[in-house]
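For reference, the chain that follows is the form predicted on its own, supplied as structure tokens.
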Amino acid sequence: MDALGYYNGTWGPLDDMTVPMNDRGVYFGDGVYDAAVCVNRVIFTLDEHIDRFFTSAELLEIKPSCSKEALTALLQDLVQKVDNAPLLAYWQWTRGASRRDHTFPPGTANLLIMLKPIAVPDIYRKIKLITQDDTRFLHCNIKTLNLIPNVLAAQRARERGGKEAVFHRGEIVTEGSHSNVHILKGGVFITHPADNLILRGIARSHLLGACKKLKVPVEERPFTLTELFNADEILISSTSTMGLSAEAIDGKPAGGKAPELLKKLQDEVFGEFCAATGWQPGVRS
């Protein structure tokens, strides 16, 4: 089986699985999710993703249907049932199933899991970005299912030949439609603080760890569009990108002024991924 679906104890081929119409994720997007890359049946940084998943559920007052340990064991068991290829492991809780009513129903969450093939990212390739007004709500730190603004921004990026859309509120850069955004300037790694305006990315945390190991100065502070366009390098990070750098933004050349420092950071985070999963670039899993 190349892709698997799971819903509340039932699993099978992903394309054969269904979800009840009364699931609150269907009509309210009332839920939270997380995802991680799996290589050689190793789900990379799984504990960190599980922790963030439970935090998101707590912030939305969703009652967990299992413990962290049970969810970890379930994901690891399901991975064994799929072809051994690089996968994206995605899981979500919705606030149960009940006839449509805005108030919370009793009971615990519905658990949905998907495993599907994914290409391991080429962290060293260059990408293009666009900028986009950040019109999302003020709880961006919760990995909620309500992603319509993110979906629209990602579509605008694709239409304009870009990989990602960079959100900004006024002059302040926040994050991307599905990634965190960082800049290098004068040898310093600058990233928006992990407040309610951005999601605390797992890959972001590992980039910060790489900076600490390599003794690269870090500033966790808001930075502006002007700083973005004038940065020595622009990076985006997420579970599926790790630390890609941009060569253009809004059609203008970007980055390329600190290639050695950029590569050191990329080597560190990608090396950590390879060591944890046994991934060898150019070798089939």
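Numbers for residues come from their place in the sequence shown, where the first is 1. All figures in this text were calculated on a predicted structure; none of them were measured in a lab.
There is also a form predicted in complex with a small molecule; it is not shown, and the following applies to it.
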{"item": "Partner-contacting position among I202, A165, A109, I183 - heavy atom within 4.5 Å of the small molecule in the predicted bound form", "value": "I202"}
{"item": "Option touching the small molecule, based on a heavy atom within 4.5 Å in the predicted bound form, out of Q132, Q92, T191, S177", "value": "S177"}
{"item": "Which of 233 to 241, 53 to 61, 248 to 256, 214 to 222 lines the interface with the small molecule in the predicted bound form (heavy atom within 4.5 Å)", "value": "233 to 241"}
{"item": "Heavy atom of each of N8, R24 and F104 within 4.5 Å of the small molecule in the predicted bound form", "value": "no"}
{"item": "K128 within 4.5 Å of the small molecule in the predicted bound form, heavy atoms", "value": "no"}
{"item": "Contact flag, R136 vs the small molecule in the predicted bound form, heavy atom cut 4.5 Å", "value": "yes"}
{"item": "Distance check, N150 to the small molecule in the predicted bound form, heavy atom within 4.5 Å", "value": "yes"}
